[in-house]
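The chain that follows stands alone, in the form predicted alone, written as structure tokens.
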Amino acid sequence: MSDILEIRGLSFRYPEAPRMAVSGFDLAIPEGEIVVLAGPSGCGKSTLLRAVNGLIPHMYGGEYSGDVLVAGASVKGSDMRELAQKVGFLFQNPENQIFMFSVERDVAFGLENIGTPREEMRERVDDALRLLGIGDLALRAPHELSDGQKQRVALAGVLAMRPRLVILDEPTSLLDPKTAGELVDLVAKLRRELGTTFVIVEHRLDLLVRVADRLVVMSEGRKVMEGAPKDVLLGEGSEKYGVATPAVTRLQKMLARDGLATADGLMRPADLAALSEKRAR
């Protein structure tokens, strides 16, 4: 399987900034993966996302080295119109990208900007609304919707462009737990049905670790940990870098320290009985 995203030795410093926002960053993501990016505020996550969707270097100047390739093409050599059809971006607050007077007009906005023929536009809008289960909202005004519905409308607008890579910037931060869980289920569904690749910046890892293929941890502009979510979170360094470890993972670590669990999970009843007997002696 080919890589949809390659980041090769990326370094970037904003004008007059005292240090690099991203430094020597490498990452390769095969098509169809769900990758979660974590780390404390100011670690470089937002800068990295801007470099993937082309805002850096096309709209943000600064000291830039290395390269970012999307579907084999360098972001530096691609124009923003071309990139918008490869990379979709869902903002943390959906209201930042919902501003038309009806849901279907909002979903069609990006397609209108790239001159999509009317019949194709209608088909793409209908497909996106159907995929996200919001066809009944097509004629509603966005300001009448719940936060969860607004999030789906914004994502429908992204998917209507049919990008191969979708970036989600803290997509659950404004959602209640139930709605956030529904959004994560939707991400898994879109990967399964469309083969869409997702890069997700998120602090609420308890929801995402069950669908993510990889967890990448950043600190001070660098990649400091990478691997399967379970391996990273059960490792010794994740909490050091400000990663919000899910409660179930913290419990497993505590049980492991007491000899009541292994790295792979709880001990078998027979092992627990033997341990209890040993301690009783």
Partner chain sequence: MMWLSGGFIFRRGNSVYHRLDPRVKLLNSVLMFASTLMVRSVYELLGVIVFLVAVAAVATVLRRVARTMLLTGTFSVFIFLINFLFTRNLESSVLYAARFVAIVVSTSLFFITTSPDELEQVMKTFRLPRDVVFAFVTAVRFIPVMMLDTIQIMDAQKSRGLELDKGNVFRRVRNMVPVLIPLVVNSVVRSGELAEAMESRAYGVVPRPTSLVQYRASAADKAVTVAAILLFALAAYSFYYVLPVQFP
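Since the structure is predicted, the reported quantities are computational estimates derived from the model, not experimental observations. Residue numbers count along the first chain shown, from 1.
There is another form of this protein, the form predicted together with its partner chain, and it is not shown here; the text below is about that form.
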In the model of the complex, the one of I114, A188, A73, L194 near its partner chain [non-hydrogen atom within 4.5 angstroms]: I114
Heavy atom contact within 4.5 Å of its partner chain in the model of the complex, the stretch among 64-72, 48-56, 22-30, 221-229: 48-56
P171, heavy atom within 4.5 angstroms of its partner chain in the model of the complex: no
Its partner chain contact in the model of the complex: P163, any heavy atom under 4.5 Å: no
Any non-hydrogen atom of E202 within 4.5 angstroms of its partner chain in the model of the complex: no
Close approach of Q97 to its partner chain in the model of the complex, 4.5 Å, heavy atom: yes
Heavy atom within 4.5 Å of its partner chain in the model of the complex - qualifying residues of 77-111: M80, R81, A84, F89, F91, N93, E95, N96, Q97, I98, F99, M100, F101, S102, E104, R105, D106, V107, A108, F109, G110, L111
